[in-house]
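Starting off, we have a lone chain in the form predicted on its own, written out as structure tokens.
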């Protein structure tokens, strides 16, 4: 699919790259986001990458949609021309992560109520579901649904299950959940229809921080299993503001 420019109201322009969410496609969108940020086009207020599109918000007093499209078209063409063929998307080499995080995750049954169901559906044992989820690295594809809510890809194929037939009215904050090819972490308690497999003490969104959202698109995440007692201890420290995880690696590291 060729990229399309779509109006999003009278002060935003969406650049759509495809019809399906693919990890490699998302990485290209994040590359475009980075390049647009470096061009410093007059009037751009914010750039928001999503799973298969990117939206540029602009000040209509300083820039028009037509002028913005002319300014961005060369970048879009350049990034789109680098897209691999559809059959090669999964095998495409990804850009290095901006930051890498080790996120504590408690997979014990009281915090992962859907592990048994996922194990039954996938033909795995419960311990294999937990181990498989924790043994791979994930990329932050986008933030959405609520502040600081990350969509992580890609899940190992054996863990890819449809959403729950009946959503929960309340999913606890910190819940780690999976559905289709992605994993999410709920920053606050909310309704949700994904399968809960664990919980983290990490506070993903805090307005008091200089950067309220802990994770950003392009970051890499790996889950580190912890016990229920460790979860309680770290949760208490996080509530007091005495503990916040830091990246285990950043792109600026030497």
Partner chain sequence: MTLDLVGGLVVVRPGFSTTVQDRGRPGWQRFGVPVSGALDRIALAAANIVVGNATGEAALECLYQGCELEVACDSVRLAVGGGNATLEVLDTDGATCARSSALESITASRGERVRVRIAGPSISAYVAVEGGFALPQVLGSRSTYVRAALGGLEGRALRPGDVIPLVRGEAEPRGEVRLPGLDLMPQSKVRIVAGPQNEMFRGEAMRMLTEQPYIVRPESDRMGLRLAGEKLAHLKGADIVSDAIAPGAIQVPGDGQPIVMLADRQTTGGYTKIATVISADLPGLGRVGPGAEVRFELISLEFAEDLARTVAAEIAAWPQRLEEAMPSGQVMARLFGANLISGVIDGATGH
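Just so it is clear, the model here is predicted, and its values are computed rather than measured. Positions refer to the first chain, counted from 1.
In what follows, reference is made to the form predicted in complex with the partner chain, a form of this protein that is not presented.
Contact annotation: residue 142 falls within 4.5 Å of the partner chain in the model of the complex, judged by heavy atom distances.
The shortest heavy atom separation between residue 235 and the partner chain in the model of the complex exceeds 4.5 Å. Among residues of the shown chain, residue 185 is not one whose heavy atoms approach the partner chain to within 4.5 Å in the model of the complex.
Put simply, residue 146 is close to the partner chain in the model of the complex: some heavy atom of it is within 4.5 Å.
Look at 225-233, 195-203, 35-43, 211-219: in the model of the complex, residues with non-hydrogen atoms within 4.5 angstroms of the partner chain sit in 211-219. The three residues 121, 126 and 156 each lack any heavy atom within 4.5 Å of the partner chain in the model of the complex. Residues 46, 47, 48, 49, 50, 51, 52, 53, 55, 57, 58, 60, 61, 63, 64, 65 are the ones in 46-69 with at least one heavy atom within 4.5 Å of the partner chain in the model of the complex, listed in sequence order.
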